[in-house]
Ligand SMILES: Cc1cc2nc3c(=O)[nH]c(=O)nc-3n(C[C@H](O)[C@H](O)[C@H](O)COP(=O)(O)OP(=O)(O)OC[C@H]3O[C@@H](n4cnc5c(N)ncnc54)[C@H](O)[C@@H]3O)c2cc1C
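Below, in structure tokens: the form predicted alone, a single chain.
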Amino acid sequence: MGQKKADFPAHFFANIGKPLQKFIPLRDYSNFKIGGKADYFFNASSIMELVVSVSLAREHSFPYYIIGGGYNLLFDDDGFRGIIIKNSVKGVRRKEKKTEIQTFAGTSLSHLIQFTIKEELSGLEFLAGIPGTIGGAIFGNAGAFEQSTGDYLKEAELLDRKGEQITVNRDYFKFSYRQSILNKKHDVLLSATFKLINGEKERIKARIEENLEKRKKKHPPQDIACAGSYFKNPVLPDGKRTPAATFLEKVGAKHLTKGGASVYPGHSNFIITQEGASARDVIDLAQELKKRVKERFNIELEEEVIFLPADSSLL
């Protein structure tokens, strides 16, 4: 790997025409504001750059990981030993079929929502206020108010493990609560097509405002470092999915801190961080929360936030 690693930047530049950035602080790309330096970093701004950069990393067995908005993600204090590829391929358009829209995976959810308002298309109002990109939303089947991203997906274009660009339908993703097949297969999402319904602009805007107001009451303000809900809502033996905060509240979560990480006073399922907090602070706090819920309720909480160790990779 040593020689390969030394040769990779030159090979990358020869194929893409842009250099890899070196030793980039990942804290600048995380809503937690945590993370050491990545050995290499590349901001892909076109489908060609995204496909070629991933293909090169795979071809050379060079460790890589793809990020979008950096939400729902906790970087290692030691950074990343490989290349972080940021998908910044953005854009959304209305397709020939009047109620279908196609969007690149690097498009922000906020931009998508604004597009649906302008085009008077309804269905995705529940995504209002959720940070991040389309890629992240499909990867984790993001949702709120008993609706999920996968409910409206028609098809998507992927870069598969063979290096081929393929089009797949909704069933391919095997969507479930906060999960899709992308968690396991690590295909690269390039674009997605959503099937919506016609709506009236003022009604769409009213639903969005209502949803934003609901979120504002319990979610941390945007200027607070936080990666969203930390744990998935567990399923009880009777099959009912119950908010994780219900159990966290009862084990005294709101009073817990570890170093620069603490539980948000307004909602027990949010971990927030202060300047100087480390990934270890967040992980230790999460482990304490899981331990307390397990001991009292015999429920195993599962993280929704993804921790990326320095030596991990999609290879």
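All figures in this text were calculated on a predicted structure; none of them were measured in a lab. Just count from 1 along the sequence shown to find any residue number.
Beyond what is shown, the protein has a form predicted together with the named molecule; the following relates to that form.
Does the trio F175, F231 and P309 actually contact the named molecule in the model of the complex, every residue with a heavy atom within 4.5 Å?
No: none of F175, F231 and P309 comes within 4.5 Å of the named molecule in the model of the complex.
Just to confirm, with a 4.5 Å cut-off on non-hydrogen atoms, which of G199, G150, G132, G79 contacts the named molecule in the model of the complex?
Result of the distance check: G132.
Between A244, C226, L124, I204, only one gets a heavy atom within 4.5 angstroms of the named molecule in the model of the complex; which residue is that?
Answer to the contact question: C226.
Thinking of the named molecule in the model of the complex, which stretch from 90 to 98, 233 to 241, 115 to 123, 212 to 220 has heavy atoms inside 4.5 Å of it?
Within 4.5 Å of the partner lies stretch 212 to 220.
Would G69 count as touching the named molecule in the model of the complex under a 4.5 Å heavy atom rule?
Yes - in the model of the complex, heavy atoms of G69 and the named molecule come within 4.5 Å of each other.
Decide whether N31 counts as a contact residue for the named molecule in the model of the complex under a heavy atom distance cut-off of 4.5 Å.
N31: yes, in contact with the named molecule in the model of the complex.
Quick check on Y65: any heavy atom within 4.5 Å of the named molecule in the model of the complex?
Answer yes; at least one heavy atom of Y65 falls within 4.5 Å of the named molecule in the model of the complex.
Is there a heavy atom of A144 lying 4.5 Å or less from a heavy atom of the named molecule in the model of the complex?
Heavy-atom contact with the named molecule at 4.5 Å: present for A144.
For the heavy atom contacts within 4.5 Å of the named molecule in the model of the complex, list the residues of 180 to 217 involved, in sequence order.
Counting only heavy atoms within 4.5 Å of the named molecule in the model of the complex, the contacting residues of 180 to 217 are L182, D187, V188, L189, R215.
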